[in-house]
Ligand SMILES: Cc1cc2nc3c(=O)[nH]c(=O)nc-3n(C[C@H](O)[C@H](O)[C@H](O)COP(=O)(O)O)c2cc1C
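Shown below, as C-alpha cells, is a lone chain in the form predicted on its own; questions about how it binds or moves come after it.
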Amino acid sequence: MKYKKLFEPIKIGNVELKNRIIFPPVSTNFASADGHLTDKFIKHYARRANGGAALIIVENVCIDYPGGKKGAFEPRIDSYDFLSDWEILTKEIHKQGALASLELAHPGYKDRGVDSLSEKEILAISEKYAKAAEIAKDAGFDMVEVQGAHGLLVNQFLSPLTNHRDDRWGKPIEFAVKVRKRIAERCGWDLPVTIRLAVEDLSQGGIGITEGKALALSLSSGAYNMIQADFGLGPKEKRLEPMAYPEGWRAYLAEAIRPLPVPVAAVGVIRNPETALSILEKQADIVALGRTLIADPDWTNKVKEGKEHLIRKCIGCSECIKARHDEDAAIRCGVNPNVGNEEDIMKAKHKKIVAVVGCGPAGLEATRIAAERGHEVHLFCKEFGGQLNIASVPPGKEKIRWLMEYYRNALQGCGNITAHHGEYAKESIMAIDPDGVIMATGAKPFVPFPIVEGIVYVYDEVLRGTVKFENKIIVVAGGGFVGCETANFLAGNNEITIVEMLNEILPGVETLTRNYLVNELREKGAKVMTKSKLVEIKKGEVVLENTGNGHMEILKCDGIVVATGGKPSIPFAIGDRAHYVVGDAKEVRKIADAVREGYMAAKQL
C-alpha cells in the first residue's frame, strides 16, 4: 500500500494505536453553557472516530470551575456530576473503533501570573488535574493529555517569559512533572498521559528550540508517554494558520525534539496523505489532523481504501476560527456543511428530475447531494468552479483549487448526473421538465461608476489575466476581501493604493486572516486610504472626497481597478416551478455560505 506507514500500529504507554493518525483537541463550542455534553458534541467526536482515526483527543476540558473556565461553552470534568456524560462519549468513540483521550486544560489566571501563586495553590491546582484524570479514567478514557502549550498554565510554568520564581517551582518542568505524578498516584502509572508541549515560544526570550528539546527529553523520560510538539507563547496566527501557510510547516517542531523514548506527534496544516507520509518518514512518529478531519472525517478511511482523490480537504478558509474565536459560537466549516449535524444523507422517497443551474460551490454541492439522494440531476455549467477560479489566483489562495478538485472527482462517474456545458438558457432547462430547480448562478462584479476604456478595469479581468499591469500606479477601488486580495495580487510589481469609503478595510473578515493580509499589503508597500469616496475619474488621475471632513484629494494613477465586490446574478426567472436560489445568486457572501445553502436546498428536494 502506497501509504503503508500511516497504518502501522504504534504504542503510547501500554496502549496500542491501530494507525499513526490522531484527531487532536479542537475546541468546538458544542457543549452546553453549564459544561454538560450535548448530542451534537457526542456525534461530532463519534463521527471523527468512525472515519478511521486511531485516537480521538477531546477538546480543552475545564478541570477547575469557575476559576479555570476558558470559553463560553467549555465542557467540564471537574466533578463527578459530569461522569455520565463522558461515559456516553467514550462508549460512542469506542463503538466506532477508536481510542479516546481527553485534553486537561487550565488557562491560568488573567489577573496574576504563576509567580504569584502560593505553594498551597499550586498543589491544589495539580490535584485538580489528577482528579479530572481520575474521572476520565472512570468514564472509560484510554488516556489523558495535559495541555502544556499555547500560553496556558503549564506553558506558563515552562517558559522563562512567565516563570521567574526562585523556589522549586521556578524549575521549568517541576509543575508538569508534579501533575504527571499526581495523576499516576490517583490513576496508576498504567494510564498513559500525553502532553501537548510548548517546544518553542514565539516571543523574544521565551523557550527556544534547544530548551524545548531539553524539556521534551526530561518530560518523556519516565513521565509523559507521548509528546505533541507545538508552539507556546506567541501570536495565535501561528497555531490557527490562515490559508497561505504551507502544508506541514509546523512539523519541524516534532523533528527538532526527536529521537525520544516516546512517540512524537506533529501537527499543523497536514492536509494531503503525501504530506502526512513524508512527515512520518522524516519528522515524527504520529500525525495529528485537526481541521483536516473536521473538513473530512473520512480522510483516514479514504486513504486506506485508495480513495484519496475523494478527500474533501480543508482549504484553510478560517470559517471555523471565525466562529469559535471571533464569535465564541459553535464551529462551522467552509467546505463541510455537515459539521455540527453529522447526519446521514437519506435517499429520496421519490426520484425527481433536478436542474442545477450554475456550478460554483453552491451548485456543485447541490449537485453532489441531489445525486447522492438518488435524483436524476442535470447540471448546467458555464464554468466549472465558478468564482472559485478567480478566488484561487491571489497570493496564498491556491488551496481553493482543492475544493474544485474535490467536486470534480466526487461528481465523476455518477451515473445520475448529466452535465450541460456552455451558456444556459431558460428554454434548455425547462426542456428537461424538472421537478425542481436550484438556481446557483452566482454573482457578477458590482461596478458603481461607468467603465472608461483604457482607464477603468474590473477586478475579474485582472485576476483572469485578460488585463495585466507592470510597473504602473494603480488605484484599487474597494477595501473589502475582493479589493484587498486583488491589490495583493497586483502589489508585487505595481504601486498600489486601496481606496475604501468605510473607516477600515476588510470589515467582518476573520481576525487572523485579516491581520495576515494587512501585513502582506504593508510589506509590499501598498497604501490604504479609508473614509475616501471616488468622485471623479480623469485620464491619469482620480479625485477623492474624504467622507469625514469633505476635503478633496487628487491621486495620480495609470489605471483604476474596480473591486467593490459583486451583486447577485439571476439571468432569468423560473416562474411557478419549484425552485431554490442559493449562494451568491441569493446574496453575495462566502464559500461557506454557498456550500451550506447548496447542501440544504438539495436535501429538501
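Each residue number is its position in the shown sequence, starting from 1. If you're wondering where the values come from, they're calculated on a predicted model, not measured in any experiment.
Another form exists, predicted together with the named molecule; not displayed. Remarks below refer to it.
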field: Candidate from G232, G360, G268, P297 lying within 4.5 Å of the named molecule in the predicted complex - any heavy atom
entry: G268
message: Only one of D78, E103, D285, D142 gets a heavy atom within 4.5 Å of the named molecule in the predicted complex. Which one?
response: E103
task: Determine which one of 269-277, 472-480, 489-497, 201-209 lies within 4.5 Å of the named molecule in the predicted complex, judging by heavy atom distances; exactly one does.
output: 269-277
query: Would E241 count as touching the named molecule in the predicted complex under a 4.5 Å heavy atom rule?
result: yes
- prompt: Any of the heavy atoms of K524 lying within 4.5 Å of the named molecule in the predicted complex?
  reply: no
- prompt: D64 near the named molecule in the predicted complex, any heavy atom under 4.5 Å?
  reply: no
message: Whether T194 contacts the named molecule in the predicted complex should be assessed with a 4.5 Å heavy atom distance threshold; does it?
response: no
statement: Contacts from 11-41 to the named molecule in the predicted complex (any heavy atom within 4.5 Å), listed N to C, are P24, P25, V26, S27
